[in-house]
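Next up: just one chain, as structure tokens, the form predicted alone.
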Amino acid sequence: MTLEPADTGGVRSLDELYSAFDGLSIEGGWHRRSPALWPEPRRTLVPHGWRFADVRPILAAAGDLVDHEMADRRNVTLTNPVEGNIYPTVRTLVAAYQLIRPGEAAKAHRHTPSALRIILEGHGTYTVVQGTRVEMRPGDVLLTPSWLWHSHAHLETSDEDCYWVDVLDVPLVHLLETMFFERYPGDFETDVVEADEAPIAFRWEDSLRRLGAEQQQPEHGMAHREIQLGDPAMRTIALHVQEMPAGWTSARSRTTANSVFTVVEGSGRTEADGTVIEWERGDVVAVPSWRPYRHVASSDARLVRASDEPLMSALGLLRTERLEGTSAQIETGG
């Protein structure tokens, strides 16, 4: 059998070949402008911390200047400061501080991103999620799973401003291009059931009780005691409450999971990939994927860690390595 010579379209040199690539929006795998594979995760976003003491007066000023007609949710986004980044805190998650004042109410809406809030200050607030109304108290963690109606409000019976930290998987939804958002017809749900306990609410007193009953240090060594909220809390976000006594230093570790820590109690520092981040109550610390880090507690501390562990595990990409104390590698998922 005789093969006919292939039609080369008149291309006679590599320069002509690469010029033809450009015209067709294709690229040769042997001469990529930048590699598609690399030995380990690249350092893109950076470890960083935000001090509540710095943000709180800014939000208080916004409370005077920005009403709920201008912004239904009065919040400030914690954007990772690496050059070129315009939104995420870590690759798959975004965190924000939010303020609501007595008598204010944020109208109901729903969206495909999953969200949660960690209450820092204030009493007299509540959230309504898919018809269930739950009070929000300091230390509580409240969930807003994907595509459920939700609103929140502050009763006029209290004169305390309420501050909390939001964590959402919006950057992941942006990447997947699956963003949907809808406002509730009529502004607020009317068929509402009051509940003191609900699957969407993790009470701080319950977290403290569970921590007190926990006898073993977690294998990863990143906390003296640790509990998980939910199993996991949501499909894309895991929540762990970590406890560290004064003077305690964690193991040095790294994980492919992206992490956002909220300091609920105590003070200390996080040493992450050469960056030292001092923290105290209300502060937020971002540790991107595969950055070596450890915590050092100056006083008795409790942190809420939000991470994308469920996502990484479901994709078989969760890898955690303890860099001090053992050479063993812990791999989960697959």
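From 1 onward, residues are counted along the sequence shown. None of these values were measured; they are calculated from a predicted model.
Omitted from view is the form predicted in complex with a small molecule, to which the following refers.
The listed set R91, H111, R133, R101 contains one residue whose heavy atoms approach the small molecule in the predicted complex to within 4.5 Å, identified as H111. Here is the short version: of D166, E189, E226, D161, the single residue with a heavy atom within 4.5 Å of the small molecule in the predicted complex is D166.
Per the 4.5 Å heavy atom criterion, the small molecule in the predicted complex is contacted by stretch 73-81, the sole one of 198-206, 241-249, 153-161, 73-81. Using a 4.5 angstroms limit between non-hydrogen atoms, I119 is distant from the small molecule in the predicted complex. At the 4.5 Å threshold, heavy atoms of M234 stay clear of the small molecule in the predicted complex, well away from it. Among heavy atoms of L172, none comes within 4.5 Å of the small molecule in the predicted complex. Residue contact with the small molecule in the predicted complex: A96 places a heavy atom within 4.5 Å of it.
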